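One chain comes next, on its own, written out as structure tokens in the form predicted alone.
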Amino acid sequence: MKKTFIAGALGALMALSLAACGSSSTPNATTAAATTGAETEAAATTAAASDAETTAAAGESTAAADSSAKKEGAAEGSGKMMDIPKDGLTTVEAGKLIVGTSPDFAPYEFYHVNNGTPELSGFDVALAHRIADDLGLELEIVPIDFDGILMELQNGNLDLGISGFSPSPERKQTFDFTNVYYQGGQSFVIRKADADKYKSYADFNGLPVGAQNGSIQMDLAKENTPDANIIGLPKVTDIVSELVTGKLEGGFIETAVAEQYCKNYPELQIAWDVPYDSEGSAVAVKKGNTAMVDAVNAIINNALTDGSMNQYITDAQELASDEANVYEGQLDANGQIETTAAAN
């Protein structure tokens, strides 16, 4: 009965606008991966060097690189693997883990077209698979609009919401959240050709600035550019398209997503970081389901500790860079990309 309800809700919600949310400090999983290589090289150099000064310098370099990785990569685990508590753990449907996500937010969640078949991808999707595997459950991912995820989670029709959720104080009033699994950031994006033209938010007074409907970025737009002509759009892809075509002068976009789009659209650039005091991205859970929160927290800790989360992020960023085969949005009733959808 509940599974049928979800399917029906999905059909109705596909027509609604999508909304996604961001997180806090600057992300850079690629930097974290590069840091690992730098540490290995530094360690080899140290072992070979006999000069004490060289050894000390290498140690300082490694410490600085390690500090950078902790700040810019995925959130840290405890440093040791944890047992996964399963006492009292129940799911909507026995033997299954039903997860809602909004697939319009690369590299978090999106479709990658493989030999004509759209496959749900992204580091949030990889994390969902890890959680289901570690709990010994069959994973069912429900692609749905952002507001629909929260509604279905609150109604008890989803076990988890994994879609770049920022655990803001307002959301915590209605939902429980796990520990942060990814420390992201917020950015303000403009056209590269306008870099000398725009130096501060005041330069956008009266000009069109975009943000995604229902998102944290919309709140940031209202806070930072209150005198701009703020235009809400359903998808991040819409904001990017409007920026490229000159219909928008600037846009508030989550940093990891902004970085990806700037790679795919070299005419765009991040003008500056947008301060935001939330912790990052966490998994949303129905209020009061402490057994699920505890279990997922242990899995997140282990994924961070064993390096899996950084690998999920790196893999997702690489896949999202395959622009010709990336689609962000809902599929049609046959599980295919809608022919009327604009190409990313």
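Everything numeric in this text was worked out from a predicted model, so none of it was measured. Take the two forms, find the largest set of C-alpha atoms that superpose within 1.5 Å, and that set is the rigid core. A residue's number is simply how far along the shown sequence it sits, counting from 1.
Beyond what is shown, the protein has a form predicted together with ligand ARG; the following relates to that form.
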- Message: Quick one: 109, 215 and 236 and ligand ARG in the predicted bound form, is every residue within 4.5 Å by at least one heavy atom?
- Response: yes
- Which listed residue (164, 251, 184, 122) meets the criterion of a heavy atom within 4.5 Å of ligand ARG in the predicted bound form? 164
- Message: Partner absent here, but in the predicted bound form, which of 264 to 272, 83 to 91, 112 to 120, 166 to 174 has residues with a heavy atom within 4.5 Å of ligand ARG?
- Response: 166 to 174
- Task: Give a yes/no on whether residue 159 approaches ligand ARG to within 4.5 Å in the predicted bound form, heavy atoms considered.
- Result: no
- Using the arrangement in the predicted bound form, list in sequence order the residues of 92 to 116 with any heavy atom within 4.5 angstroms of ligand ARG. 102, 104, 105, 109
- Item | CA of residue 214, rigid core aligned, shift of 2 Å or more between the shown form and the other one | yes
